[in-house]
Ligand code: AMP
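Single chain ahead, written as structure tokens, the form predicted alone.
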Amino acid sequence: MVHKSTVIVGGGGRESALKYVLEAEGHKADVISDGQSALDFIKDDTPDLVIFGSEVALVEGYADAIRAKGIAVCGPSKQAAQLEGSKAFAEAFMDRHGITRPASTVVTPDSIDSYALPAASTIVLKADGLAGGKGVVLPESDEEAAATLKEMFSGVRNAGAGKDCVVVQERLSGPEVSVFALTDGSDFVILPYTQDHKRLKDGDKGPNTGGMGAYAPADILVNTEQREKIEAIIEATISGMRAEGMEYRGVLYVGIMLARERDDEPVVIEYNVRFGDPEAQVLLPMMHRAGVDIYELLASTDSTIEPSGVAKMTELKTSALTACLASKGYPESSEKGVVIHGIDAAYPNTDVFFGAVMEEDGVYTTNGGRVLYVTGYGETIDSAAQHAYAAIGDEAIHFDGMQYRTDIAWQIRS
């Protein structure tokens, strides 16, 4: 194997997982927090590949700037990144290309006075712009819906996301599946399905978060007919972007709901333009354990997609499950500087990926909301869950105020 040099742009559990699998393959992997720092870094140390985990850096156009220097990039252009950067753009795009989605209306501050907000139980409010995974609100009352819309338009919520417009979307119900496709702009490879858990508490209760855990493969949730429709959605998205002069290269992440109100038809809930967090913490190490060459697969998105690992991915004998350990107060706030215990111990069939962690003189402390991701592996989801949860608790990894869900993969665990 020829060892390569890579730069991973971002900072969190997703980037920790990327670094882990690339180094396990024998490559050099530097994690750089943001697009400008990555651009500065490559002036002195030219990598073979730059992988974008940060949606912010993609929306700001840093993939274009680095590609212009002749360096291979896994990540879409600034134009293509609008699929995640603007909910309103994504809604209009899906309309143009006949992609199935919930009914929606784009509301602006100027139009709100003449708009009759539907009953809270029937809608989802989505702030236009990047909101760190926290710009989606399922209001529980009409009063909450009106107050949320007012906060979004004022710019005081989600760092200004939603100030210019908000998507009011029909609220559907059903299992959600995270679908990741790697594409060179024409051809694509769909990776094993995963399932994220957005709500803070067990039973899918509490506020939405950036993600409290995930598992893979989640293919059992999808039947043959649904799979064909999902593939058609991916094809329509990639060909639509190409037809509009926004060739999409990199990771395309489509959030799919199997909507009960539509006879379990797959509908697009959202687009993202990079690997998910925490989905990457199960998907990437699981594929690595199955013998998939992660570097070659990601690098091929900037030339001709390399499907050599596809056969291996369809024959995976490994399952993975990750539980996020979040700090006290998350997602509204977070405690920093809290000592983390048990992190140096070895836990069977388990990896620990760092999210918001500080280390000084061998002491690890919390440094934000989503602190750690404990990923367990096994032949089944049940055994993967057993390994992950055995590494969490008073006699294992813990810190004061720690929050985590005990029911990751509840839809399929026995």
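Basically, rigid core = biggest C-alpha set you can superpose within 1.5 Å across the two forms. Predicted model, so just to flag it, every value in this text is computed and none were measured. Sequential numbering from 1, following the sequence displayed.
Same protein, other form: the form predicted together with the named molecule, not shown, and the subject of what follows.
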Practice prompt. Indicate whether the named molecule has at least one heavy atom within 4.5 Å of a heavy atom of Pro102 in the predicted complex.
Written response: yes
Worksheet item: Does the named molecule get within 4.5 angstroms of any non-hydrogen atom of Ser300 in the predicted complex?
Response: no
Worksheet item: Looking at the partner-bound form in the predicted complex, is Arg171 within 4.5 Å of the named molecule by any heavy atom?
Response: yes
Worksheet item: Does the named molecule get within 4.5 angstroms of any non-hydrogen atom of Arg249 in the predicted complex?
Response: no
Discussion item. Within 4.5 Å, heavy atoms only, one stretch in 123-131, 324-332, 282-290, 217-225 touches the named molecule in the predicted complex. Which?
Written reply: 123-131
Practice prompt. Assess the spot marked by Val136, Met257 and Glu270: is the named molecule within 4.5 Å of a heavy atom from every one of these residues in the predicted complex?
Written response: yes
Practice prompt. Only one of Ser186, Thr108, Asn208, Gln79 comes within 4.5 Å of the named molecule in the predicted complex by heavy atoms, so just point that one out.
Written response: Asn208
Response to the item:
When the named molecule is considered in the predicted complex, the residues of 23-39 having a heavy atom within 4.5 Å of it are none
Worksheet item: Is Arg157 one of the residues whose Cα moves 2 Å or more between this form and the one not shown, with the core superposed?
Response: yes
